[in-house]
Structures are given as structure tokens and as C-alpha cells.
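Here we start with a single chain on its own, the form predicted on its own, put down as C-alpha cells.
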Amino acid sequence: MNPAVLLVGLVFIPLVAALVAVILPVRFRRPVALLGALAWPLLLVPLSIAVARDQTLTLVFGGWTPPLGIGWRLDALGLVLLWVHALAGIAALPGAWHRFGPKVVAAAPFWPLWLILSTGVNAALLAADLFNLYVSLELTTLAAVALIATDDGIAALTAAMRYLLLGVLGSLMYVLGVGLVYAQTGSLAMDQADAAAIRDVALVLMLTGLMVKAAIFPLHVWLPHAYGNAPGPVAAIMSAVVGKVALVALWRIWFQTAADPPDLLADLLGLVGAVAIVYGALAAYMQPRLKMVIAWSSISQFGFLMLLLPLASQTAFQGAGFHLLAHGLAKAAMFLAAANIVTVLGSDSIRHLPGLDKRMPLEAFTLALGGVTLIGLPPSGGFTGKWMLLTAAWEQQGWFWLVLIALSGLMSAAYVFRILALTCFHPARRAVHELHARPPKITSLAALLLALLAVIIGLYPHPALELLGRGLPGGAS
């Protein structure tokens, strides 16, 4: 099949399914959404073969080349995140199907919004110009805000409003930078804009706006409450891909478009990542709720992905890309497991965790496997990503980054083992008192399979690493 048709399908299949779902009665929306959500991931297999062969796939609409026309571009990094999106989305579907049935009031908007979120994420990963990237990120943000608000309670509404306000602020900063670029160059295509113009004020504005959307410390304040109060399937897909889409956009602007960003700025952003690693781990350790522990750990884990900017090498890019893959799978699995725990216990307070391994062994095992990946223990995918970053720091004699990455595993272990100790080894360990009906077994198995996959890719990392090795953004060597 023509790769251009496949690229179009990635965006338009979920978009058309969303439009059809809106038109149909509520009882038909779930089946339509299920078909739309399962159809577009099928396109990733032939697309993966094409990217492995050609490295980059491009599509120009209507024959109008940039800067006049709209172009899409799929590279190895975008393909990796598309796979994370597909796998996390498929694993989250059973939980969403169970929770948002036709008799649930929130089900009416939920299923179209789920598909719109997929549309925005896929379009953002394909965008080859700065403005259409902005449009796609806005679509993603608005859909995510609405999905968070589908949960009952004032906490979810407050989290959604906070995310909306900060997301709009980030969008304004980004689009101001885009405006400055267009005023100076007359082009917004990432591979055609005059790199000399992507500097100083424009670069800072765009990077800051994307850091807000990616929840990079200290612009992270929306993320813990959004993840911690969203419905389980929504938190899973958001933690897996939504923030990472903006981070990938930041990488692309930094390496592909900007004109030799100064080393001082790269080191500064690396230090921001270092502080995020420490601060996020400490905050995660202190949280009284399981979902908040998992949410705050994302702040710490995102810090690793910022280390690509000062390290800026082939090895560092492969490590950061692989860490993005492993983290997305593990974090989605942990949020899905936490959602099942909330369904059974009616709460995710860590005070209720003792004895969980007796009554909900699959969820306890999923949390343990996800924690192994977050810590970076071998043979998990988290170990592979961190090892590649360690190697990059060693090759460049970046001793500060090397020590930071090495110690980060201990900081991650602190909050992971705190949860596992309460779950399996607490002196007050007892049988869990079930307050609500148990979720379907398939929801537990879906979460466990994601966590297992995060470990399996560490055993067989070569296909992903080889693919990422062909997709290094320009500017890093």
C-alpha cells in the first residue's frame, strides 16, 4: 500500500470515526469508537517496514510544496511514539469500555473525545511545519482537558481547568515564537525555515511553550493533578503519549530547525532536567495516593528526556528515544492497574495497599513490573534507555550527568519500593476489603501485558535501537 495513504489513515480514521460517533445515538458510540481505535494501529506495521527501508516518509497535500502547502513527515522517533500510543490505547480500551457504558452520562462525550485525542496526537507526530504542529497540539490539549473532566467530582474539574489555563498559556508563548519566525523568514516548514531566525526570543518562546505542554519542571504544575484525578484509561493514555508529543516537538525544533543553539542554553535545560529528576522523585515519595505517586514520578522521568539536549549524540538520542518507549508502556500499565484498584477499593490511598497482593495479585505484579522499568533495573527497557544515556555521558566525559543518571535509579527505587513494601511486606498486611465490584479480568490482563512488554523490549532492544539510530535529528552527531 502507498505510504502516503497510510499516513492519511493515521489521522483521518480516528477523525472520521469521531464524527460518525457524534452523529449516532449514544448506544452505538462505543462500537464505532472501538472500530476506529483498533483500525489505525493496523497501519503501523506497513509504516514500520517503510520507515525501516526509507528512514523518513513525507507527504505533501495537493502538490503544494512548503511553505505554501501542508506537509507531513514520519521519522523513526515519531514511529516509536505512535507505537506507544497504539499499544497504550488498545490496553486502555477494556477499562474505558467497562467504565463508560451507554448508561453512563459521561459516555456520550467520552468516545468521540477519545478519538479526537488520537487524531491530535497522530497529527502532531506527523506535522512538518511549526503552525500545523500548533494546531495539532491544541486539538490534543482540548480533547485531553475534556476527557479529564469526564470523571466525577470537583477534583477532576479543577484539574481540567488548571490544565486548560496553563495549556493556553503555553500555546500563546509557542505561537508568538512561531509568529516571529514567520515574520523573519516567510516559512514555517521545519526543514526550510531560515535557521538563523530560530534563535533568541523566538526559540525561547517556543521552547517555553512546549515545556508547559510537556510538563517539564518548573512548568509542570498541571500534570500531577491532571493525571491523579483523570479516569484511569485517560490517565494511562496521557502519561504514555500526550506530554511526550510536546517533548518530541521540542527535540525537533532544537535539533532540526534552530541554528546551533548555544551550549550554555543546552546545559541550562539539562540542569532543569536534573532538578526535575530529584524534585519529582522526592515529591513522588511523599504522596499519600497511589495515582499521585505515579503522576509525580512522571516529572522525574521526564527529566531524563531533557538530558538529550546537553548530551546531543547518537547514543544519547537512542537512549532518550528508548526511555520514552519504555516509560510510556510502564506508566500506562501502572495507571491502568491503579484504576482497577480504585474500582475495587473505592480509593487509591496508600493506606489501603497492605494485603493488595493477596486479593489483587495481577495489579500488584503490574505495579512491580512497572516499577522495575522506572527504576531502570535490568533487563527492563528502562535499564536499556538509562544505560545508553550513561554511555553517552561517559563518551563525552560528562561526569555530572553520569553521576546523576546513576543515582537517579536509587531515587526512583525509593518511591517504588515504598509502594511495594506497603503492598507485600507491611506488618499490618491483611486481606483487602472489597467495597465495589471487581473489574473484568481483561482490564487486569491488559495492564499486565503492557508492563511485561516494557520489560521484554529490554531483552530485545536491537530493533528499536537500530530504528532510532537511523532517525537522529539533525544537529546532533
Partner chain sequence: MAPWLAQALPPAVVLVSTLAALVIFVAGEAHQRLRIWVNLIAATIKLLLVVWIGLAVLAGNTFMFRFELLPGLELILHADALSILFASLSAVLWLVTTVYAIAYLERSPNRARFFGFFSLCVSATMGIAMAGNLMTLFIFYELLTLTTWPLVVHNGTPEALAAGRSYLRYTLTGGVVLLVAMAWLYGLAGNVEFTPGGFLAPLVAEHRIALSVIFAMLVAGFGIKAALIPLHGWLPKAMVAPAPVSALLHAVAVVKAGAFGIIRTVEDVYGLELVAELGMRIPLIAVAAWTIIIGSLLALREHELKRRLAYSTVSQVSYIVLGIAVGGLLATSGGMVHLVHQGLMKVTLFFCAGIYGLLLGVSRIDQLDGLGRRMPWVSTAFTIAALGMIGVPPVVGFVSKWYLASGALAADVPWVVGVLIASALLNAAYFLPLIRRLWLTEGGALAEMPIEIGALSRLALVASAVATAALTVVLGMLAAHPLSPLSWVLEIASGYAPW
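Residue numbers count along the first chain shown, from 1. Keep in mind that this is a model prediction, so the values were computed, not measured.
There is also a form predicted in complex with the partner chain; it is not shown, and the following applies to it.
This chain is displayed without the partner chain, yet in the predicted bound form the stretch 414-422 from 414-422, 443-451, 45-53, 31-39 comes within 4.5 Å of it by heavy atoms. At the 4.5 Å threshold, heavy atoms of Val104 stay clear of the partner chain in the predicted bound form, well away from it. In the predicted bound form, the partner chain sits within 4.5 Å of a heavy atom belonging to Leu390. Contact annotation for Thr384: at least one heavy atom lies within 4.5 Å of the partner chain in the predicted bound form. Interface residue remark: Leu24 is not counted as part of the site for the partner chain in the predicted bound form, having no heavy atom within 4.5 Å. Listed residues Val248, Ala320, Val372, Ala123 were compared with the partner chain in the predicted bound form; Val372 is the one with a heavy atom within 4.5 Å. The three residues Asp75, Gly78 and Pro94 each lack any heavy atom within 4.5 Å of the partner chain in the predicted bound form.
For the stretch 351-368, the set of residues having any non-hydrogen atom within 4.5 angstroms of the partner chain in the predicted bound form comprises Asp357, Lys358, in sequence order.
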